[in-house]
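What follows is a single chain, given as structure tokens, in the form predicted alone.
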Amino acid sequence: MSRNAEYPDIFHNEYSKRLAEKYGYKDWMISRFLRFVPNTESLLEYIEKNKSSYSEYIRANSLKMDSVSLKKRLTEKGYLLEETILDEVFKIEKANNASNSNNDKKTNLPTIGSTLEYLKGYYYIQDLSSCIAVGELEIDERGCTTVLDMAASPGGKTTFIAQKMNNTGNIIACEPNPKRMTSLLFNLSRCGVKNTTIFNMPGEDVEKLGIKFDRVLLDAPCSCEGIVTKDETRKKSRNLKDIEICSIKQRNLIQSAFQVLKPCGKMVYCTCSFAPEENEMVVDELMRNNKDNDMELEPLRYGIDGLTEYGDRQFSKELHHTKRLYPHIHHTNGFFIAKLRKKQSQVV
């Protein structure tokens, strides 16, 4: 086993090289996966097997149609919908494989992103992992009047938050890239969202708004290692420098997010990356830098416990409350979720 001089946490051996060659990855990616992804070869096999038949999820938009009615409507058209752990979310089979329930014949249905129901905003195409992250915000329309989505485009999580709030209260959606504003505006309009204000600004500047929030969602920009199943280019389009750049940005964003959270407020931090540098390390650094000890990690319902160590690095034991989702285990995108609560300030 050899140690990489530039990145000392990277180990190479014949097994990692063989897997990288077999499945078409860069060797450094596989050598890292072997250290923190359960049953790494099963993950690689799953991705290879499902890359051409990636199963999509859709989320019913209760602002326009409830999940029961949506399922009935799409099933009658010939789509096959499978229920999931979330009432609003369905796993949908590829349209061309769906069976027409009226005549038992195969039919060529429109893609799930081009139906009349989609265009009318009755549902949103959104991975189950993303929906789980929004669910963990524990939004109550009576008690959560101000919510921040720090990296909002294209709007999947923002529209789900609006749905959870029943279009009441106020959502602030930040999007730093002006080119991505169009898709955000389109999806908010399509889904009938009326309680959201959009700011074309980086999340790091959110303190300038002078607002404190009951809930904050930070779906941080990341290296996107977890979406290889639907984007095969991720096997070789990223390098270690990308992870480093993302990690620096994420640490700045999460600090800004925590600063604008109200006492007793909750924040969800998530990425679609496997990398500890973008996940546990980011959360651990926030906790270590917080001298007042006024935050705590809360347990999550779904996934495998997050890492409490990586290489020579020891994290806070609380990190086991974070969760990791893997394609070959949970049939979602690769995903990381952490939920932080800001403690009530002590009055002296």
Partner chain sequence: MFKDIPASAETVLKRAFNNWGIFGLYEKMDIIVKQPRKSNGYSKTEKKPLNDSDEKKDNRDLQVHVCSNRVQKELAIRLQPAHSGIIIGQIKDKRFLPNLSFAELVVRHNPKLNYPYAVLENKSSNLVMYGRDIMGSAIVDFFNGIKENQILIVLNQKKEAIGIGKSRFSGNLITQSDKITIDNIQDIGTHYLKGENRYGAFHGD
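Positions refer to the first chain, counted from 1. Nothing here was measured: the structure is a model prediction, and the numbers come from that model.
Although not depicted, the form predicted in complex with the partner chain is the subject of the following passage.
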The partner chain: the contacting residue among 235, 251, 91, 73 in the predicted bound form [heavy atom, 4.5 Å] | 73
From the list 264, 85, 211, 245, which entry has a heavy atom within 4.5 Å of the partner chain in the predicted bound form?
-> 211
Could you tell me if residue 127 has a non-hydrogen atom within 4.5 Å of the partner chain in the predicted bound form?
-> yes
Contact between residue 256 and the partner chain in the predicted bound form at 4.5 Å, heavy atoms?
-> no
4.5 angstroms heavy atom contact with the partner chain in the predicted bound form for residue 35 = no
Is residue 161 close enough to the partner chain in the predicted bound form to count, meaning some heavy atom within 4.5 Å?
-> no
Which residues within 259 to 277 place at least one heavy atom within 4.5 Å of the partner chain in the predicted bound form?
-> 272
